[in-house]
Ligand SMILES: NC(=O)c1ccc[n+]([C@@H]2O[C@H](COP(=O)([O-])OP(=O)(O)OC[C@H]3O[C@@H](n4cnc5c(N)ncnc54)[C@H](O)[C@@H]3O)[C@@H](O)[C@H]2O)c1
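Let's start with one chain on its own, the form predicted alone, as structure tokens.
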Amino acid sequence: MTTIGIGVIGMGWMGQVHSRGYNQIKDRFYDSGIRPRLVICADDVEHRARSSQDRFGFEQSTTHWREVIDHPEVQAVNITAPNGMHLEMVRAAAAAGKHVLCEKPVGRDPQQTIAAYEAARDAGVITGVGYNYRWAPLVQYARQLIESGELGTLTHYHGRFLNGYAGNPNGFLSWRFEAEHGLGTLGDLLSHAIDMAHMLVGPIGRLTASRETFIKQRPIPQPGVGTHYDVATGNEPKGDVTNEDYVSVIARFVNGVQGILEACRVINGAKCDMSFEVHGTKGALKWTMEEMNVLHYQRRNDATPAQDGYLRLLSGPAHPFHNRFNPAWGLNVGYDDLKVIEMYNFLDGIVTGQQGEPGLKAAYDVAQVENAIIRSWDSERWETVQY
């Protein structure tokens, strides 16, 4: 049995999801012998830090994030603070020899993400990053089908993350809407779609991109009140939205696959359409987080081409990680379960001393694509990704 001391920085919704995930590992991955120990949590809002300590069973809480890194019993630092704070925290944790799991997009901008990766790499610590959609059992199965050649030679790919969480113009002007704290939809949503494309298809070679901000002002929240999911009464003063609501990309992958990537945070209709469609010479796959326990799979049948439509596959115990949560076909795995898998794989890397995926190198690769996208916004031309 191996106990690993955990410190979590940032106890908003995502910090709570991560903390809950660590608490689930003893049950869901009991046979691994990994036992997370929730040592200390930090949040600059005192009541949130204290309530999180009580709620999740941390031994201590603090309003000073450096106390998490300096704590002698903390071996792994989990960062879920606002994006603009990530680089300083990653650097401090890496310098202290602490392993680091950081939420995407890791940095306020691609340069910060690259710097965070380099700091962790140079320190030799194990890292993880919150690209949790990778861990859906049917996404992992889709990866297996692609790698085994079941789709033949890949031809084109469509990845998107359409999520209308910010569609209400009275949604609070949280840090997510301010360029001083980071990118908008490019960092928040499209980073997931880029990572998924990298995992399923491979690196992107060249691209051209566009952007738009549809809701240009939002109500200003009070400190510690309101997240990007909350809505104001309508009487609050407003401030400017300074980053992008929408991003679209036409991409050419290094291996010749043609692609389209798209993300929007203010769209109507879609709620969490983090999805992909991948096509090859022998078949196709499509999946969306809105139905994460369903994979549509088509294999070309030359003998009876009229019957070549998609088959609807349900997640079940034959698919990676599904049976960690239930033993039956069609009994659903949920969002929080993906975070449990993410936390487990990060801690397993610490125990084995082997860097797993996705680590901060995956975030570095996404950041280089984001750099090319930003260059394309400015040039209005095709740009080459420089990994």
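Note that this is a predicted model, so its numbers are computed, not measured. One-based numbering along the sequence shown.
The same protein also has a form predicted together with the ligand, omitted here; what follows describes it.
Quiz item: What is the one choice in 198, 104, 211, 71 with a heavy atom within 4.5 Å of the ligand in the predicted complex?
Solution: When the ligand is considered in the predicted complex, the option within 4.5 Å is 104.
Quiz item: Given that the ligand is left out here, which of 257, 81, 284, 232 has a heavy atom within 4.5 Å of it in the predicted complex?
Solution: Among 257, 81, 284, 232, a heavy atom within 4.5 Å of the ligand in the predicted complex occurs only for 81.
Quiz item: For the chain shown here without its partner, which stretch in 168-176, 312-320, 203-211, 92-100 has non-hydrogen atoms within 4.5 angstroms of the ligand in the predicted complex?
Solution: Looking at the other structure, the answer is 168-176.
Quiz item: Taking heavy atoms only, is residue 44 within 4.5 angstroms of the ligand in the predicted complex?
Solution: Within the cut-off, so yes.
Quiz item: in the predicted complex, does residue 325 have a heavy atom within 4.5 Å of the ligand?
Solution: Contact with the ligand, no.
Practice problem: Look up in the predicted complex whether residue 9 has a non-hydrogen atom within 4.5 angstroms of the ligand, and give yes or no. | Solution: Looking in the predicted complex, residue contacts with the ligand include residue 9, since a heavy atom lies within 4.5 Å.
Practice problem: Flag residue 279 as yes or no: does it have a non-hydrogen atom within 4.5 angstroms of any non-hydrogen atom of the ligand in the predicted complex? | Solution: Contact with the ligand, no.
Quiz item: Which residues, if any, of 336-372 lie within 4.5 Å of the ligand in the predicted complex when only heavy atoms count?
Solution: Heavy-atom contacts to the ligand in the predicted complex: only 339.
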